[in-house]
Structures are given as C-alpha cells and as structure tokens.
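There is one chain below, alone, in structure tokens, taken in the form predicted alone.
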C-alpha cells in the first residue's frame, strides 16, 4: 500500500475529505503494534466556514493570522496531524489540508477496524462489538491511541499516516450536513461510505436542529 504524501493533502479540503473515504488509517504504537482500519467517514472544514476550529484567526482585510490559538496550526503545512481535545474528554484526529497559509482540515469521524483489534479493545473497554470500536471521532482516536502527543506531527509517515489500498474497489460516497455543530449546518460537508455499518450514528446537524424546532413548536401549540 502506498502512503499518502503531502501532495494528496495539498488540495481543496472538500476533495481531500471525499477522497479519504476508503483509504486506510495506520497507527504504529511504541511497542511496534500496527493498527489499521478503513476510513468510512470524514468531515471538511475550511477557513471560510464558521464551524472551522481556526475561525476568526484570519484578518479578512489584511490576510494576516492572529498569533494566538491552536487553530493557527490549521493554516500550516498540508499533511500535518491536527489533534485537539474536545469538552476536556475526547481527542479528535484531523489532518491539515490546502496550501500552507490557507486554513483547512479534515476530521476523521469513523473507521472500520482491520488490524490490531485486540489492542483497540484494550483501550476501548466499553466496546462490545467491532462495530463500536471506532464509529465516532472520539472513539476512533481512543482506539488508535491518538492523543495530543501527535498534534502537529507529519501524517505522512510512521507512527501515524494514511495509505491508498490499491486494488480495492472504491466505496460509494454520500454526503450530509456535519454532526454535532451549531454553525454552518447547511453545508453538506460530511462524507461517508454508503450503507457501511461502521459509520457513526449521530444525526446530521441540520436534521437535529429541525427536530428541535418541531419539538419546540409542538410544546408551544
């Protein structure tokens, strides 16, 4: 399998997000254990997107970047791991996209485990089935041993990288609104393998917001 290079990520974020579906995520642990899985779900985020982790860091008038904030790393070298902690609990794995100086990133949301499952179960004690090991971004990071120590490291070489599984049939990819956001919910920037059971189970944000509106209207009726 060929490791995806910097050039793969040095492209428009939405293209990278779609093309990552079907690629393999590989993690080599300190003890040499190799974990691998098929990426089945991603989300795209760009500098013009209000849900972007680096939103507000770019001065639209001058093009200059504010010096503070981890989100600044999303404007760095394409093919770099961007790992951050959400709600003080879950690490999330992203990869930086676009040419350096342009903000962009792809969140890896779900993976179909293929290799090293025993090691994944050791970190995901609550998982009862293979399908529950990495069917969500926090679960994925935990199963693959991804944490803040890998932030701002190359995603193009061991211990963490993606490969092109040459010879495998491409997956059919569908789109939806992203999950768990409150801004930019109208953008269909979630990409996932059609009919794949390893995709996360959360409702797209536009659907979730519509349900809340209907519930509120029903309560007021």
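If you're wondering where the values come from, they're calculated on a predicted model, not measured in any experiment. Residue numbers count along the first chain shown, from 1.
Below, we refer to the form predicted together with the DNA, which is not included among the displayed structures.
Original post:
Looking at 49-57, 32-40, 151-159, 185-193, which lies within 4.5 angstroms of the DNA in the predicted complex, counting heavy atoms?
Top reply: Stretch 49-57 is the one.
Original post:
Is there a non-hydrogen atom of residue 126 within 4.5 angstroms of a non-hydrogen atom of the DNA in the predicted complex?
Top reply: Residue-level check for residue 126: yes, a contact with the DNA.
Original post:
Does at least one non-hydrogen atom of residue 121 fall within 4.5 angstroms of the DNA in the predicted complex?
Top reply: Flag for residue 121 set to no.
Subject >> Close approach of residue 138 to the DNA in the predicted complex, 4.5 Å, heavy atom >> reply: Yes, residue 138 sits close enough to the DNA in the predicted complex that at least one of its heavy atoms falls within 4.5 Å.
Original post:
Is there a heavy atom of residue 94 lying 4.5 Å or less from a heavy atom of the DNA in the predicted complex?
Top reply: Contact with the DNA, yes.
Original post:
Even though the chain is shown alone, can you say which residues of 74-110 have a heavy atom within 4.5 Å of the DNA in the predicted complex?
Top reply: Read in sequence order, the residues that approach the DNA (within 4.5 Å, in the predicted complex) are 74, 84, 85, 86, 87, 88, 89, 90, 92, 94, 107, 109.
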